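As a starting point, one isolated chain is supplied in structure tokens, in the form predicted alone.
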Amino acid sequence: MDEKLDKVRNILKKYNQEHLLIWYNKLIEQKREELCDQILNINFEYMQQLFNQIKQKKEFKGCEIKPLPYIDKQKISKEEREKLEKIGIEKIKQGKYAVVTMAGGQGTRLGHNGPKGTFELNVGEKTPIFTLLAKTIREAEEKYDATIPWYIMTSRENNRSTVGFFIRHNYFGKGEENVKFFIQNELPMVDTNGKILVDEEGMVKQAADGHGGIFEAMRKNGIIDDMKSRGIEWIFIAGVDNVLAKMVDPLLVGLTISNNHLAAGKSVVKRNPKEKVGIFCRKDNRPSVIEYTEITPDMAEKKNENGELLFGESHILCNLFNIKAIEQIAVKNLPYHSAFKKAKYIDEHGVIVVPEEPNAYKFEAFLFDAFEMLEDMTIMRVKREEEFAPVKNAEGEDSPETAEKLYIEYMKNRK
């Protein structure tokens, strides 16, 4: 251990991060070993690069940004729709389709102590989000007489609770072999001076690396290999908090295959120019999404000849990928974006600090940055009230109240 500790001390001294050992002597032997391993696994050069990029504003000067063509689901003829759905249904029936749910978050913002997927919505009776999603998948399995593997990305923080929830619910009748869990990657959090934070237990404070980390996590955790061993070709990826996500959609599969594309995304029309959503576009002739924090007021307000927003197709984190595309993306590095957050930590004097204002940066990759690695992709516009009911805020827009209302209304109209 002495040799390992000496190595750790030398690395920390080189990068001026010696404070990471502030609580080392107070830790039990197992935790000391764990802390040293944490530190040895940090790419300090890369963390310094990420910190230096924080103040660099993203510029689109010199980029050619155009609207990305989309197909409106409502305007597809009955004949064409049946033809496309037949293509998709065949893939599902052949066992070549899988679903991935990104469920690494806690329900903290909702006042819920546990994984967000275990948060209960009142949709006639109190029902956990995971149960609603499982119902959607099971209905599709029965409809198409197929087994649809379900892969769930958790976080270090909520993995045990999530797996326990599924065990208690008997994997919703899907069988343990058809529900696979994998943990997303993490990156250290840094303060405004670039110092890596120490968490309340004396370890390196880390945060999940965003939904864009899913591709690398799938590769590292053997998920891609598992999919290939099952003959999976098409994978639908969505966040856990959209309770109306149509995760098994043969029309989208057929449309994407007929377009000869390796990926697709669903969009809904922006409510207004200021809605806080990313928008699909074509950037330097590649499919892309511009985050709402980065779109200019001029772009947000601009309209086409029909009076619609020129950049009005919202990315709702409902995406379809061919396994080939996922393999290609998984070996490449997506860019990281910084987010300024409140983070509890231990300072250099060993005192626990509970901030009232944001005090630290976490680094996140965004799934949609992977689109720029593709030559093209299919965008299908869907109705918000049929496929987009996110649970993000405790109240107001995109809250349990709005999601419950949308879900109940959709189920009523579907009958």
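All values derive from a computational prediction rather than experimental measurement. One rule holds for the numbers: they count along the sequence shown, beginning at 1.
Beyond the structure shown, there is the form predicted in complex with uridine 5'-triphosphate (UTP), which is absent from this document and is the topic of what follows.
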(request) State the residue from K73, K91, K116, H261 whose non-hydrogen atoms include one within 4.5 Å of uridine 5'-triphosphate (UTP) in the predicted bound form. (result) K116
(request) Let me know the one among Q184, Q206, N322, T256 whose heavy atoms come within 4.5 Å of uridine 5'-triphosphate (UTP) in the predicted bound form, would you? (result) Q184
(message) Between uridine 5'-triphosphate (UTP) and G265, V268 and R381, in the predicted bound form, does every residue show a non-hydrogen atom at 4.5 Å or closer?
(response) no
(message) Within 4.5 Å, heavy atoms only, one stretch in 121 to 129, 194 to 202, 208 to 216, 228 to 236 touches uridine 5'-triphosphate (UTP) in the predicted bound form. Which?
(response) 208 to 216
(request) Examine A103 and determine whether its closest non-hydrogen atom to uridine 5'-triphosphate (UTP) in the predicted bound form is within 4.5 angstroms. (result) yes
(request) Give a yes/no on whether D249 approaches uridine 5'-triphosphate (UTP) to within 4.5 Å in the predicted bound form, heavy atoms considered. (result) no
(message) Just checking whether T108 would be counted as a contact of uridine 5'-triphosphate (UTP) in the predicted bound form - the rule being heavy atoms within 4.5 angstroms.
(response) yes
(request) May I ask you to check whether A98 falls inside a 4.5 Å heavy atom distance of uridine 5'-triphosphate (UTP) in the predicted bound form? (result) no
(message) Using a 4.5 Å cut-off on any heavy atom, which residues of 235 to 255 would contact uridine 5'-triphosphate (UTP) in the predicted bound form?
(response) G239, V240, D241
